[in-house]
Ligand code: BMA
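This document starts with one chain, in the form predicted on its own, laid out as structure tokens.
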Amino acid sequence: MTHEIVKRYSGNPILTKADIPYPVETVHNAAVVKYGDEYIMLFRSHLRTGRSIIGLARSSDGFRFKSDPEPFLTPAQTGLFAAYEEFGVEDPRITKVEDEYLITYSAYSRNGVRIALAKTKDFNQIERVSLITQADYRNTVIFPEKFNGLYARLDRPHSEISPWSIWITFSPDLRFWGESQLVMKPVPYHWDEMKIGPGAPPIKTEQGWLSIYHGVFQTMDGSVYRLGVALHDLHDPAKIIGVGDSWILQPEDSWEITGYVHNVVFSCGAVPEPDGTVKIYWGGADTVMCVGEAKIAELVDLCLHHSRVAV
């Protein structure tokens, strides 16, 4: 596979702070999902305080988005969530399970970062459900189907013993989670050797669950964030079938190389389409939102026939 697997949209970036009708400094790390005839984007934005909120934008074609006039989710002011969201809410992911849309996001406070879970049926009303991890956790995505009656999620706890690896955890009710297993680690002197984390919620294919993840490599000029793919077993998502040896996307455009955080492409959302393609959305340099398209079959093939060798 020598050709470019992810074809960037010619109109990138698709959403910037200039497109938002309220004051923000960035638009990045957005979850995207199909809701009826619309694409719904939940994007993270920095405020001038340095803290983050989550906004909502809508599109009829998945490329041209228009922001709602007000933010979608801001830090809670009362109750248990207030104590753990005081420094901001970040990096949402959306998974449709049955008739509900589950939204995971990073809740920041003086006590660290942990994952909060909310749900909605219409993207107008949102209900906070539970704080589903301790500190320090980031990058949690929920599978769109249950396994033996259990919800499943991929996440990335912070650990010095097994640095920044991907784990899987199960739950009967979305509140209480357990049976955790480590499923994927960074590979030494590889493009994702420093840390990895789940990106978009997994996509079901005939060959397995396709997971788009981010990997980080430390250079003399700082870290580079790229995207890769892994394939999980259809019936046992704790089992990894293969991991693409090469990345599928790296920072190349000027708005990915330079910005709030240089050299970053970071995905929180991808939308599979009926024609066998997938729209992959990513934040460029923690500053703007971008999109590209790939063929699902090629991503699966990368995992099956061009898999890395774990060390």
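So that there is no doubt, residue numbering starts at 1 and follows the sequence shown. Remember, predicted model here, so these are calculated numbers, not experimental data.
A second form of this protein, the form predicted together with ligand BMA, is not displayed here; the remarks below concern that form.
Is Y213 near ligand BMA? Define near as a heavy atom within 4.5 Å, in the model of the complex. Taking the distances in the model of the complex, the answer for Y213 is no, it never comes within 4.5 Å of ligand BMA.
Going by a heavy atom distance of 4.5 Å, is A31 a contact of ligand BMA in the model of the complex? Because no heavy atom of A31 falls inside 4.5 Å of ligand BMA in the model of the complex, the answer is no.
Considering only heavy atoms, tell me if V264 and ligand BMA come within 4.5 Å of each other in the model of the complex. Yes, V264 lies within 4.5 Å of ligand BMA in the model of the complex.
Just checking whether R138 would be counted as a contact of ligand BMA in the model of the complex - the rule being heavy atoms within 4.5 angstroms. R138 belongs to the contact set for ligand BMA.
Option from 256 to 264, 270 to 278, 240 to 248, 62 to 70 whose residues, in the model of the complex, bring a heavy atom within 4.5 Å of ligand BMA: Answer to the contact question: 256 to 264.
Sequence order please: the residues of 178 to 205 with a heavy atom within 4.5 Å of ligand BMA in the model of the complex. Counting only heavy atoms within 4.5 Å of ligand BMA in the model of the complex, the single contacting residue of 178 to 205 is K195.
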